[in-house]
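The chain below stands alone, shown as structure tokens; this is the form predicted on its own.
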């Protein structure tokens, strides 16, 4: 007989899904962290392309942010997973006929969420770099700082301080968007909860558990981000 008690269903004992839900939570956190890092890297490169890059790169970066931000996030995930799988299979088929390639759902989830995150990070970094006063850049240049020193000592610290609040919001959005990757069959928190709900016929129990986990993760993130912003503000006041 299948258990119906929520504490038994979500516990770590016999018939409980606690260990499986915990493993799914770790997968969700891994996807969110990696997607966020990929998105920040894409955002830095695309922001540079928009501000300082040659015109073709600037146009490509503008097209990237316009297209990705204009599509529903779940559609981007599906296009990257199924479209990317098809494209890579065709490419491998041309190079090595008869070879079969399977695209990992985890990698596809990180790539798609990274693209989504990167489109918003691009605008965040672009605005932060533009907010650095030109007078300070000109003063540092007149002192003989090289471009790398100018960026590391003058531009980057001030731009990062301005970008910190919106980057924090972007992390919270990425964390919640990580729930969407279950559509490609990944055994993340939502995917595991869906399996548990179908097995036990207790969907409310499992999805409330998912909601609780996301609420806890978001609360911890907000507390950490608030501490980071206070520390950054103190450093800016002392500088």
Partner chain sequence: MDAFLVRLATALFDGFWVTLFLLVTSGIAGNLAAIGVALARTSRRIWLSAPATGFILAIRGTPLIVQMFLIYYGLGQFRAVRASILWPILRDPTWCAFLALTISTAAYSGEVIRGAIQQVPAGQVQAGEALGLSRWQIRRLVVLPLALRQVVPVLANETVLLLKASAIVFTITVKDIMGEANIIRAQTFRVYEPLLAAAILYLALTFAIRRLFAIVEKRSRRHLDPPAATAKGAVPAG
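Positions refer to the first chain, counted from 1. Fair warning: this is a prediction, and the values are worked out from it, not measured in the lab.
Another form, the form predicted together with its partner chain, is not on view; read the next lines as being about it.
- Across the options 72-80, 104-112, 150-158, 134-142, residues that bring heavy atoms within 4.5 Å of its partner chain in the predicted complex belong to 72-80.
- Contact with its partner chain in the predicted complex, judged by any heavy atom within 4.5 Å, is made by just one of 170, 27, 42, 180: 180.
- Heavy atoms of residue 214 reach within 4.5 Å of its partner chain in the predicted complex, making it an interface residue.
- Its partner chain in the predicted complex is not approached by residue 199, whose heavy atoms all lie more than 4.5 angstroms from it.
- Within this chain, residue 53 is remote from the site of its partner chain in the predicted complex, having no heavy atom within 4.5 Å.
- Taking non-hydrogen atoms only, residue 221 never approaches its partner chain to within 4.5 angstroms in the predicted complex.
- Contacts with its partner chain in the predicted complex, taken as any heavy atom within 4.5 Å, map within 200-215 to 201, 202, 203, 204, 205, 207, 208, 210, 211, 214, 215.
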